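The chain below stands alone and is given in structure tokens; this is the form predicted alone.
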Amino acid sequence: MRVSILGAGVAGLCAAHVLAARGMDVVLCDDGRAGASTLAGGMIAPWCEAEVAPQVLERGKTALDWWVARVPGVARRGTLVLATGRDRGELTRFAARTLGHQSVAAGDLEPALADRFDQALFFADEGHLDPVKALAHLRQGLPLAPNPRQGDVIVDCRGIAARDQLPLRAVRGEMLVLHAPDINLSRPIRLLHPRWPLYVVPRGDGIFMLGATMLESDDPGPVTARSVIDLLNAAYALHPAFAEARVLKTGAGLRPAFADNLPRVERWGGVWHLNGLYRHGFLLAPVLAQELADALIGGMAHAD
């Protein structure tokens, strides 16, 4: 079976690898434009994400092993969740809504935070990766085709661009990349706040990715001043040395989401779709790709 996959974001690339491993002849069709996947935090955090979406926990538990087996540089150092003193209730609430954590002193795991935070939640079984590097590695060796309609089967993984076919809505996310060489953090940090929660993901060499806003908006334009201010204020609350950081990059992208914020594999009008990954792209794309492969192989068996 020859399968044409439309889109080379995290959904399309995971689908291509899984289908090829199942023995299918896969070709990738992509226009080369960077999508929302390259702006992601790259956190593989099913236990933390279950706080807002309990359904992702069971489906996302195997994602970290999947990525470790396929791309270099995946870190398995867990996630540290913090709150400032006045927001300590947010930490209590987060603990009550999640599993897989233990209470720790922040400084025991991240000495840079020792004087600013005492209590923290540590999710030891989570990890993170660099999305740009991970996607580039997955793309190596995959055949490309200029004709997006080649193949016995078409799989549409175009994200928000598939709104012409699916009932998707856009959820805008904004991010910053900072160079802060005076700060040493080794794992993703989530700073809880009722209005502007922050995550900080280390990329190495004093570089950190900060994200991410969640705005119900179709605007694909540049990062807004308000979002930059909110992200930087949150980063300063985490560590004052972020005030001296250099801003290396800003970015904004549109996440694809269905009404229930849960992704789907389904067939519409003769085309298979893997879409609606919302804020869980790197966490859920591997298992969605497996579900797609099962559906295609099941369809082949039924046809026989």
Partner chain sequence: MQVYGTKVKTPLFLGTARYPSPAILLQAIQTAQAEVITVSLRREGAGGGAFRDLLAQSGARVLPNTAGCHSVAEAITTARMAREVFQTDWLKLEVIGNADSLQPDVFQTVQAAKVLCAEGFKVFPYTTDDLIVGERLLEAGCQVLMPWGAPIGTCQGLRNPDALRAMRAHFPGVPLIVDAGIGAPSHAAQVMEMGFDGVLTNTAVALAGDPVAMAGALAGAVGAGQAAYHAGIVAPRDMAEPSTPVFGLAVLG
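Numbering follows the first chain given and starts at 1. Because the structure is a prediction, the values reported are computed rather than measured.
If you look for the form predicted in complex with its partner chain, you will not find it shown, but the lines that follow are about it.
Practice item. Examine Val247 and determine whether its closest non-hydrogen atom to its partner chain in the model of the complex is within 4.5 angstroms. Key: Flag for Val247 set to no.
Exercise for review: Indicate whether its partner chain has at least one heavy atom within 4.5 Å of a heavy atom of Arg169 in the model of the complex.
Suggested key: Output for Arg169 is yes: heavy atoms within 4.5 Å of its partner chain.
Practice item. Spell out, yes or no, whether the shortest heavy atom distance between Glu58 and its partner chain in the model of the complex is within 4.5 Å. Key: The answer is no: Glu58 has no heavy atom within 4.5 Å of its partner chain.
Practice item. Find out whether any non-hydrogen atom of Ala243 is located within 4.5 angstroms of its partner chain in the model of the complex, and reply yes or no. Key: No, Ala243 stays farther than 4.5 Å from its partner chain in the model of the complex.
**Study point:** Contact residue in the model of the complex, chosen from Val132, Leu215, Leu142, Ala114 - any heavy atom within 4.5 Å of its partner chain
**Key:** Here the answer is residue option Leu215.
Review point. With its partner chain left out of view, which of Val52, Val68, Val27, Val271 would have a heavy atom within 4.5 Å of it in the model of the complex?
Key: By the 4.5 Å criterion, the partner-contacting residue is Val52.
Review point. For the chain seen here without its partner, which of 68 to 76, 92 to 100, 105 to 113, 180 to 188 has a heavy atom within 4.5 Å of its partner chain in the model of the complex?
Key: Of the stretches listed, the one contacting the partner is 92 to 100.
Review point. Taking heavy atoms and a 4.5 Å limit, what residues of 178 to 196 are near its partner chain in the model of the complex?
Key: The stretch 178 to 196, when checked against its partner chain in the model of the complex, contributes Pro194, Arg195, Trp196 at the 4.5 Å heavy-atom cut-off.
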